[in-house]
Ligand SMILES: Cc1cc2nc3c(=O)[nH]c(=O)nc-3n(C[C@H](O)[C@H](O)[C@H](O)COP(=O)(O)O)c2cc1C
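First comes one chain, alone, set out as C-alpha cells in the form predicted alone.
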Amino acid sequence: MILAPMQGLTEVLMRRVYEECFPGAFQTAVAPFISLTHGPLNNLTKMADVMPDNNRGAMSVVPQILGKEPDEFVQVAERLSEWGYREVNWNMGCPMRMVAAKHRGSGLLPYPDEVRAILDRVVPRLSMALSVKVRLGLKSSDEIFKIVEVLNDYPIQSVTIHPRLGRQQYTGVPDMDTFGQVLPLVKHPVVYNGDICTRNDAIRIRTKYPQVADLMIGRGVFYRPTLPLEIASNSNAAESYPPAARHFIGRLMEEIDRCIPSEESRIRKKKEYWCLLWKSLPISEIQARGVLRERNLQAVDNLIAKYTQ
C-alpha cells in the first residue's frame, strides 16, 4: 500500500511519526509535490521534505513534481537522482483552482498534446523511473481516455488514478464507471486512489478491479490510522484501534512542538491535522470544533490531550 501525497499533511514530520507508531504499514509514500515555480529550484528548503537525511526509514519515499516546464523538471529530477532516488512522480491530479488554471496538476488533463510535448522532452533525459498521478479529467471524465493514449506511448512506472474530476476537488463521489472503462486501456500498472476509508472499501476495490496493482490511501489513514494494517491482516483490529489512534495523535503533536519553532505555526499545524484526526476518536463534531475555536496553544493542547487520554 502507498501513502498518498497530501500537501501540508503527509510531509516528512507525519511520515516519521506514522512509521514509528505503525512500522511496515506502508511500503511506499509519495511525498507532497515539489513545485517548479514559487522560488528558485536551487533553494534546498524547497526540497527539504525529501532530503535523504530526513527520510531514513523503512518506508520508501517517491518524490513528486508539480509543473509543466520540461527543463526545470529534469533539473529537479537530476538533484533527486543524485540523492539516491530511483523514481519521481508527476502530479497531474492537483485540483487546486489556481494550479489548474495555469495548466498544472489536473489543469493539464484537457490538453493531451501538451502532455505529450512535455513527456517528449522529459523522458529521454531522465535517469530514473517516471510514474504519474492523474484524475479522470479537469471538467469532463472523457479527458482521461486521450491522456491514457499518450501515457501508453512512454515507459511509465505506474499510473495512479483518482476517479474524480479536478473541478470536484474532494467533493461528490468517485466515478467508478469511468474508472472501470479506462482501467483495461492502461498499459502500465494502475494504482487506485480515492475514498479508501475502511477495510471494506479496500476489499470492494480489489474484488471488483483485480487488475489494480496497488492501493493509495490518503484521508482514510487520518480517519483510522490503523487502516493499512487492518487491510493487510484482513482484520478490523477493533481492540487495538482506539489506543493506537490516540498514541499516534499524541506523538504527532509532540513532534510538531519539537520541529516547529513558532507558536502561531504550531497552533495552525495542529488544527490542520485535527480537522481530519478527530474522526478517529469517539468524540462528537461539536467537541472537535471546540479545539478549532481555541486560539491559545495551551488550550489547544489541553483539549487534544483530554480527547486522546
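All of these numbers come straight from a predicted model, not from anything done at the bench. Position 1 is the first residue in the sequence shown; the rest follow in order.
Below: the form predicted in complex with the named molecule, not depicted.
Review point. Any chance Pro32, Lys133 and Ile217 all have a heavy atom within 4.5 Å of the named molecule in the model of the complex?
Key: Affirmative, all three are within 4.5 Å.
Practice item. Would you mind picking out the stretch of 71 to 79, 143 to 151, 106 to 114, 186 to 194 that comes within 4.5 angstroms of the named molecule in the model of the complex, counting non-hydrogen atoms? Key: Among the listed stretches, the partner-contacting one is 186 to 194.
Check your understanding: Between the options Leu9, Val300, Val17, Ala288, which residue brings a heavy atom to within 4.5 Å of the named molecule in the model of the complex?
Key -> For this set of options, the contacting one is Leu9.
Review point. Is Arg199 close enough to touch the named molecule in the model of the complex, meaning at least one heavy atom pair within 4.5 Å?
Key: Because no heavy atom of Arg199 falls inside 4.5 Å of the named molecule in the model of the complex, the answer is no.
Review point. Even though the named molecule is not shown here, does Thr226 get within 4.5 Å of it in the model of the complex, heavy atoms only?
Key: Answer no; every heavy atom of Thr226 is more than 4.5 Å from the named molecule in the model of the complex.
Check your understanding: Are any of the heavy atoms in Ile304 no more than 4.5 Å from a heavy atom of the named molecule in the model of the complex?
Key -> Flag for Ile304 set to no.
Point to revise | Close approach of Tyr170 to the named molecule in the model of the complex, 4.5 Å, heavy atom | key: Because a heavy atom of Tyr170 falls inside 4.5 Å of the named molecule in the model of the complex, the answer is yes.
Review point. Are there residues in 70 to 95 with a heavy atom within 4.5 Å of the named molecule in the model of the complex, and which are they, in order?
Key: Read in sequence order, the lone residue that approaches the named molecule (within 4.5 Å, in the model of the complex) is Asn91.
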